[in-house]
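For reference, the chain that follows is the form predicted alone, supplied as structure tokens.
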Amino acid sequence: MKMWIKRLHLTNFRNYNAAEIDLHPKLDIFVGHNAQGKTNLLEAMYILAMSKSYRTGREEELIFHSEASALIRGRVERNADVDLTVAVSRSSPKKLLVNDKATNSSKFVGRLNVVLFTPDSLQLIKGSPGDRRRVLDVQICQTDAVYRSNLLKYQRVVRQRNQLLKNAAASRAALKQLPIWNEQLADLASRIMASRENVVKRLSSLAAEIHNRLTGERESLHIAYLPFSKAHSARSSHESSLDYHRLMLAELQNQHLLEIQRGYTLVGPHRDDLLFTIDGRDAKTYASQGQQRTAVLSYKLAEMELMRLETGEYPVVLLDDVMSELDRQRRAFLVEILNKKAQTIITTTHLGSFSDEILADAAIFGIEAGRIAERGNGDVSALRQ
């Protein structure tokens, strides 16, 4: 059974006062000028998957003009239809509903799986370690509820431990509690790091195969997991798995005085990184922009394949204005792969990147100032420019 978004309903979301669309199970293309609301649609679909936006942490920004609340509702087909609802209000906490029954984010996430590909994704290699961790966490959280729970607990422990370290300067008695927090931190950190290591190994293998196809086997891609202890050392992750619990406790001891001085936690998976290498050389430093984009594309397609292996279904793929960022070869490869496997939702300013054959099997929607209209075949030529 294929996972896909059948219907999307928006009320007072971003620049959409009201909108409802039925989607195609294979390929949906939203075309329009910039600042008309194309990205807002993909953001809404992402929120239905992750319960929160990838663009802002201020949820009041999601609400249309001066309205009091916004509603995002989607019908998702898996083994059976599932209705997902996210309601955001200026005056009350966010509400998450599955089939009209209230739930929490832990039980909401995972009902719809997505892979998001934006122009910012092409900065994955050149971006910060935090960017790479975020991409990895979003992927794992969608398919692994235990990881999601451990990550939330870890983040909470880090916040509480940081507060303890800040108080240590004024109250030495607070330091007596530190060993208890260290043990909790090490336990959760070791679970997170072991999961990340396993997932990155599988991602690297899948991405290497895809990268071989994209480059005609002229280049080899490897993605390594760098735990915090070697995230700044370019050492290879071909080594055997570390005893992460023991590593955490040892590093916490080593950094004890410095953490007290600075007032925050210096070690742990919130300092992890990923290393992309092409033919054994650090892609961030030595790869061309074209090589970096091919590596990121391989990584994103590997995400999709790994999600299928984990769940038995391909995720919905969201492509936000990336076709113009890729050359003809990469565009053709991407659409050919996706069109055969996953529901793919693409935003673009024109249809010039798509062949007639691809467009014949797609649902095409024009967007203008928060209004959506499905286009027939007769309208397509006008949207190519």
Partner chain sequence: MSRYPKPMARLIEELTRLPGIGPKTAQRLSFFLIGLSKEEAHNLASAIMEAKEKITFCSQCFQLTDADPCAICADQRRDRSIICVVEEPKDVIAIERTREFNGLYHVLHGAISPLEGIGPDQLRIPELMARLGPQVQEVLLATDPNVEGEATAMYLARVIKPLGIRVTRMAHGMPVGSDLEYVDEVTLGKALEGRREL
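Keep in mind the model is a prediction, meaning the values are calculated, not measured. Residue numbers count along the first chain shown, from 1.
The discussion below concerns the form predicted in complex with its partner chain, not included here.
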> Only one of K153, R202, R213, K284 has a non-hydrogen atom within 4.5 angstroms of its partner chain in the predicted bound form; which is it?
Replying inline: K153
>> Give me the residue from R246, K107, R134, K94 that has a heavy atom within 4.5 Å of its partner chain in the predicted bound form.
In response: K107
> Does its partner chain come within 4.5 Å of a heavy atom in each of V146, L164 and W181 in the predicted bound form?
Replying inline: yes
> Would R308 count as touching its partner chain in the predicted bound form under a 4.5 Å heavy atom rule?
Replying inline: no
> At the 4.5 Å heavy atom threshold, is L124 in contact with its partner chain in the predicted bound form?
Replying inline: no
>> Under a 4.5 Å heavy atom criterion, is V157 part of the interface with its partner chain in the predicted bound form?
In response: yes
> With the partner left out of view, is Q177 within 4.5 angstroms of its partner chain in the predicted bound form by any non-hydrogen atom?
Replying inline: yes
>> Heavy atoms within 4.5 Å of its partner chain in the predicted bound form: which stretch in 138-146, 94-102, 309-317, 114-122 meets that?
In response: 138-146
